[in-house]
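Taking the form predicted on its own, here's one chain by itself in structure tokens.
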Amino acid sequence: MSKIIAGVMGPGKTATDEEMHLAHEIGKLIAQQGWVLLTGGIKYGVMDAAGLGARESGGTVVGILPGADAAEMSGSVDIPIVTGMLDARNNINVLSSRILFFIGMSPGTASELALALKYGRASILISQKEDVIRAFRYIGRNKIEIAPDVPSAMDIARRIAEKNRA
């Protein structure tokens, strides 16, 4: 059986310190679980923080890069996938991940969450604002998981992974 690829999605340059802290922590736990981390691969915000957390814990990081080169790539990326697709790469991010964690919100993150709901991907929102939760629960007909913190999110992800393995 192939390794589980866990995607961490969230804002780049507009990410808050708290969002980056959460991303760093989930990146560490993904690596400690033996899963592969997938992000948008750029050197800012949630993507960079998750990758750094995974790298610190000896994990593998795949970066699905928006541009036609690796100029904006995070230093934590082990496997860069150069797409030249800009935001259209969000399809790759979502469809390549078995489990997706969403930290913070931006237009790009919202598009990834909408795609995840459309394609039935396991989606876990970590420490999200109530209006975001309410909107995506409505759109997704309650097909999202809500976690107040990183340990709870990882517990949910492990349960999903175990259930899908059976």
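This structure is a prediction, so every number in the text was calculated from the model and none was measured. Note that residue numbering begins at 1 and tracks the sequence as displayed.
From this point on, the text means the form predicted in complex with a further copy of the same chain, which you will not see here.
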{"item": "Contact label in the model of the complex: residue 136 to a further copy of the same chain, heavy atom within 4.5 Å", "value": "yes"}
{"item": "4.5 Å heavy atom contact, residue 49 and a further copy of the same chain in the model of the complex", "value": "no"}
{"item": "Residue 72 within 4.5 Å of a further copy of the same chain in the model of the complex, heavy atoms", "value": "no"}
{"item": "Exercise: residue 3 in contact with a further copy of the same chain in the model of the complex, heavy atom 4.5 Å", "value": "yes"}
{"item": "Residues within stretch 110 to 137 having a non-hydrogen atom within 4.5 Å of a further copy of the same chain in the model of the complex", "value": "110, 111, 114, 115, 117, 118, 119, 121, 129, 131, 132, 134, 135, 136"}
